[in-house]
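Next up is one chain by itself, shown in structure tokens, the form predicted on its own.
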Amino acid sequence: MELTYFPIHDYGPVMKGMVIGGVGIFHVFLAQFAIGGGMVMAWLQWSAMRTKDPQVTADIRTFLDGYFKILVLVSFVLGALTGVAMWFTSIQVSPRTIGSMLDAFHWLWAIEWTFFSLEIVAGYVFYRYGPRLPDATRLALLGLYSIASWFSLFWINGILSWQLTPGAWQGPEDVWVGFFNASFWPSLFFRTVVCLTLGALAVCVVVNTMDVAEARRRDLIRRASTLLTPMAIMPALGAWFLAVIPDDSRSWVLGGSPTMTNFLAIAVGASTLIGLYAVAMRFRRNLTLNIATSALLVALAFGATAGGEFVREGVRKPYTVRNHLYSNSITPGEIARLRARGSVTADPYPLSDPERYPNDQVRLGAKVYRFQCSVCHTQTGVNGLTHVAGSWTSEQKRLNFSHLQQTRGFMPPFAGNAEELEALVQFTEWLAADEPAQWPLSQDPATTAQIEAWLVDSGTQRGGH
């Protein structure tokens, strides 16, 4: 099958993963809060129907019919908008990955959309008519919203977890094999607990803005904070997730990659602080959450979400779909063919600024960089080539680029021929030299032969197999 090339967008000094990550973190945080907010509203409505204290019932109805329902509505509207932004940026950065996901799970995406539509309808009906409805109808609407939003998470979780642990999946015909993969259940349960946590913490912020007596605020906060209790199983769910992911992925977060280990520490540390405060509230009746403390805990929850999402994305390296598609949108089976013919020989898209480069060899290197490297590296900005390889000699660059999968275990093999690799070396050195107007050609046959030997030695599979 012939490799399809796509236009490649550039974000200047900003790494493409940072663009997707930034949008994704806000989307996940908002979407998970929208799910958890609905669950908390259903819980409080049920609690209001169970209590015999009319003042408590009135307080809960005031809360549900006031700012919080607006907050949940805004959250799932913004969650939907940032979801569209995720599609937009992902299609620009990694269209082949999105195409693979749609090929494999298009009907499941459609099912998820129906649940999301039901979520929107139920949420809007409660927003528009909730204050006029009897308690049983209110509970039914909130329950319907919560169930629909959770099943939206259910379907999306299966598709996202498939990227890391596809298992025996071999193609679109194995849809259920891919969907109910090894990390499906631990990630689903973990995200459900996160949703409850975000919803409960947001309640505490909003309740503190209500003009009611202190004792009544405390009662509402304690009722909502009951939904922080499931945080107690987070360590077990996290351990379960780490146990089922591939060994090399687990090694990245447990010390193999300092960056990923640090982000894991942020997620674990922030979650631990929230959990400890929740435990303290259960045992110290005089302890509550004022607006400053609850806002701080929400900020910690955002930090935990950011750290967790960074780790979730990072542990897939060097793949976007494990064992099926590398992060640069090249499949493992295509490496050998591209080694023989060149990775950009058939690339139909010209450079946006060809006159910038001093000769054809550097221009070739720029196209190789764009196709194979630009999804994770910039030229001179964040994670730039000049930073990663700037201290290497020319010979070290040739050797290390030839053995990428051994040099950096979270990188795919180099997918071009010897001429392209040398062009990439020259492009990198030209960048490091501040892009002079003149640059000598590197056409030594002995150098080309040495690179070819190194490429053969490295192999075309990950790890050189």
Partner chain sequence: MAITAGVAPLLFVQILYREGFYTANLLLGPRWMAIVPALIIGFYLLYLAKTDRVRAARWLAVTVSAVAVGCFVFVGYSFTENHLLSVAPSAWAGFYGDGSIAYLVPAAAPRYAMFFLGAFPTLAVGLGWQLRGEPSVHRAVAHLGIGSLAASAAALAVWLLTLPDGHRDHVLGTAGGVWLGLAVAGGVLQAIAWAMSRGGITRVGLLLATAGLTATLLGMTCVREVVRLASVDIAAMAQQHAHSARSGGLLLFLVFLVVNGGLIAWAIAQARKATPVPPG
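Note that the coordinates shown come from a computational prediction; the quantities given were computed from them, not determined experimentally. Residue numbers count along the first chain shown, from 1.
Omitted here: the form predicted in complex with the partner chain. The next part is about that form.
Peer 1: Tell me, please, which stretch of 202-210, 91-99, 184-192, 296-304 lies within 4.5 angstroms of the partner chain in the model of the complex when heavy atoms are compared?
Peer 2: Contact criterion met by 91-99 only.
Peer 1: Taking the shortest heavy atom distance, is residue 283 within 4.5 Å of the partner chain in the model of the complex?
Peer 2: Taking the distances in the model of the complex, the answer for residue 283 is no, it never comes within 4.5 Å of the partner chain.
Peer 1: Residue 110 near the partner chain in the model of the complex, any heavy atom under 4.5 Å?
Peer 2: Yes.
Peer 1: Is there any non-hydrogen atom of residue 141 lying within 4.5 Å of the partner chain in the model of the complex?
Peer 2: Yes.
Peer 1: With a 4.5 Å heavy atom cut-off, would you call residue 176 a contact of the partner chain in the model of the complex?
Peer 2: Although the partner chain is absent here, residue 176 would touch it in the model of the complex, with heavy atoms inside 4.5 Å.
Peer 1: Between the options 277, 105, 310, 357, which residue brings a heavy atom to within 4.5 Å of the partner chain in the model of the complex?
Peer 2: Contact check passes for 105.
Peer 1: Looking at 233, 81, 273, 291, which has any heavy atom no more than 4.5 Å from the partner chain in the model of the complex?
Peer 2: Contact check passes for 81.
Peer 1: Can you name the residues of 328-353 that have a heavy atom within 4.5 Å of the partner chain in the model of the complex?
Peer 2: Counting only heavy atoms within 4.5 Å of the partner chain in the model of the complex, the contacting residues of 328-353 are 348, 349, 350, 351, 352.
Peer 1: Kindly indicate if, in the model of the complex, the C-alpha atoms of residue 69 and residue 43 are closer or farther apart than in the structure shown, bearing in mind the change is 3 Å or more.
Peer 2: The answer is farther, because the C-alphas of residue 69 and residue 43 separate from each other in the model of the complex by 3 Å or more.
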